[in-house]
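In structure tokens, one chain follows: the form predicted alone.
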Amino acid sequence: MKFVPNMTIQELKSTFLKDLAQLYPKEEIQSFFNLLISFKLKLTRADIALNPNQIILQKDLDFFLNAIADLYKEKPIQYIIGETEFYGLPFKVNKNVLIPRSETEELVTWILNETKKKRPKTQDPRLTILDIGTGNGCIAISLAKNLPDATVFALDISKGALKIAQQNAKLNSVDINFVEQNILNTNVMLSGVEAFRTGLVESYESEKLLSLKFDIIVSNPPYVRELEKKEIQNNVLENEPHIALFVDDNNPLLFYDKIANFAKKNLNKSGQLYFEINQYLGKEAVELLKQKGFTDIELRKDILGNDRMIKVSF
């Protein structure tokens, strides 16, 4: 990065607007600028307005100029600063995990509302929850934070994802039992809740996982078909992990099939199964679950009116 001396905050803002004008709307560029200033310099918008001629030190300026270069390559702002917010909680993110979406917040809200209705304070509040394909841990951690008496497990195939999820559990002061496992390997199931009640751990070897009953199983698995890549924005397509996004066109409900089989064996009698789904495959997902023998199935739309979530109850 070349040496650029004596740049003020106002001059830096002008550089952002000029260099990124071809790619982003002005309002979005200003949002990027404010987020980065807040992250790096801990300054509010009011601080910026009151001190536009504040000089930015070279070490900080390098960060901002690198950020402009990354944004020009359409790298998500969340990856640049390494963090985001989900359900009112802070989360670290990197290239190993998807950036959590607002639709998934809606799923968490649904689970919490249903749980509170189903388990009033007069009943035993203890729950055992499994999040399959946890990624950065946003679902599992948000549930653990709002259901502090629950025992929460979070499973993922990716070591990189589990590492960042562990950091997020610690960041949000919750205990999560992390499991490194491919849910498509149906020869191995989860078991032995007492053996796993140790809070934040590195991960569990797959051979230790046999058969455990859960009150809630939730999953936001890969569900974007290869044929839908043309609908995906370039900043997502070029940066977020494909293993967490895409499925084969010929078997787009593969994960739902495997997880439903698992749930039939591993949900408690009054348990519930929740999915986030591909908006184009709502009816197909419901039909799959009916074929598995589930009868109490609810398909719900997200705030934009797209089929997005399914709840299955025993």
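Numbers follow the displayed sequence, beginning with 1. Keep in mind that this is a model prediction, so the values were computed, not measured.
Form predicted together with a small molecule: not shown, discussed below.
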* To do: Let me know the one among 164, 80, 147, 183 whose heavy atoms come within 4.5 Å of the small molecule in the model of the complex, would you?
  => 183
* Just give me the single entry in 262, 32, 64, 255 that has a non-hydrogen atom within 4.5 angstroms of the small molecule in the model of the complex. => 255
* Asked: Is residue 157 a contact residue for the small molecule in the model of the complex, using a 4.5 Å heavy atom cut-off?
  -> yes
* With a 4.5 Å heavy atom cut-off, would you call residue 244 a contact of the small molecule in the model of the complex? -> yes
* Answer with yes or no whether residue 76 is in contact with the small molecule in the model of the complex, where contact means some heavy atom within 4.5 Å. => no
* To do: Give a yes or no for residue 115: in the model of the complex, does one of its heavy atoms lie within 4.5 Å of a heavy atom belonging to the small molecule?
  => no
* Contact segment among 170 to 178, 133 to 141, 68 to 76, 229 to 237, judged by heavy atoms lying within 4.5 Å of the small molecule in the model of the complex -> 133 to 141
